[in-house]
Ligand SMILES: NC(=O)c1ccc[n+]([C@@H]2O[C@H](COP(=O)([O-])OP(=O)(O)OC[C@H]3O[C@@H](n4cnc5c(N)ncnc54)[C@H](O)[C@@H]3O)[C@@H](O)[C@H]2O)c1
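In the block that follows, a single chain appears as structure tokens, in the form predicted on its own.
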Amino acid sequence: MSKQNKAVYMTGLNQLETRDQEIPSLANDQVLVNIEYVGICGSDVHYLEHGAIGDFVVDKDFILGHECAGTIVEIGSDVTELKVGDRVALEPGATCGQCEFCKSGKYNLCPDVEFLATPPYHGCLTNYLAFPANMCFKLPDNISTKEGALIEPLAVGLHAAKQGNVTLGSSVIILGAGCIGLVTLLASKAFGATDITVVDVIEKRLDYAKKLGATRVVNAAREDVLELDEADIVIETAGNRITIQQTPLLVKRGGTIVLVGMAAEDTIEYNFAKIMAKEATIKSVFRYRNLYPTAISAVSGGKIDITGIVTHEFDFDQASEAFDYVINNKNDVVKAVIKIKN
């Protein structure tokens, strides 16, 4: 195969290097995808800046990126549902299929998942990637591969809204207006929520939340969040100790709290007296499950417009500059993507 394959490796803290590498060989159940777009996720930035997330430690040269889409250029001998030329979004977690979690449909909880850009498994910031065909989802003609790369964060937002049982007429408070907060806003709207408040401290993110359909936005740097009316569902996406601690105070009696953001601290003081008095439900989110077809259908059918969250786009040869920009301009960037294929 006379194709050129490059990959961007993290070689140390805040250090990236582009290298030539072999085109990966295919297993029988895999497809070879020419990656076209990769989203920069907060987890990628965290690995680059800190070298670890919890127990997942980068201890060797490492390829980042897990939000991606592209075009199939080769298929394995056992692949029947996809063909060369299909454009696909890749769901980045390949699971065992055999454990109790996989067999019960909660495969996002599989302890043996091989998830892109989660050590020791390399990510997708490369021209060509071999990937299990059953985790590649065909994109309709009216969805670009740029939108396809955003299906991954959208799936997180959909899972958060489902965990909260957002439905027609729900009132929702979303704490945090980064990418995950905004896709949770889009998901909540699609599920029928009629009153959605989005809280953040960064004005640009709140501007985007307003554009994307928030009923109201609150800048917590200037306004008292605890003066808000209580909501049926409170979804925490910021991963911040303060916002996590606010959730029992903002949820209605009998309401639901959904914890999405991962805080730096493992242990956080929490007002359980409020939870008990309100008989509130607390749910958490770990990635997503069984949602790629739903997310793709919602975008294709016009129920969710995902393109509005992308604020910055970089070419593949600008990957190092892209990460530098995202790290140094966190107040300015809502979502950045890297265009792999020109």
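Only a predicted model underlies this, so the values are computations on that prediction, with no experimental measurement involved. In case it trips you up, residue 1 is the first one in the sequence shown, and so on.
Keep in mind that the form predicted together with the named molecule is not shown, yet the notes after this line are about it.
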Does the 4.5 Å heavy atom contact test between L125 and the named molecule in the model of the complex come out positive?
no
4.5 angstroms heavy atom contact with the named molecule in the model of the complex for G181
yes
In the model of the complex, does S171 come within 4.5 Å of the named molecule, counting heavy atoms only?
no
Should G176 be classed as touching the named molecule in the model of the complex when contacts are defined as heavy atoms within 4.5 Å?
yes
So which of T256, T118, T95, N240 gets a non-hydrogen atom within 4.5 Å of the named molecule in the model of the complex?
N240
Since exactly one of V156, A190, C110, L250 fits, which has a heavy atom within 4.5 Å of the named molecule in the model of the complex?
V156
Which one, 77-85, 96-104, 198-206, 128-136, holds residues whose non-hydrogen atoms are within 4.5 Å of the named molecule in the model of the complex?
198-206
Within 282-304, the residues having any heavy atom within 4.5 Å of the named molecule in the model of the complex are V285, F286, R287
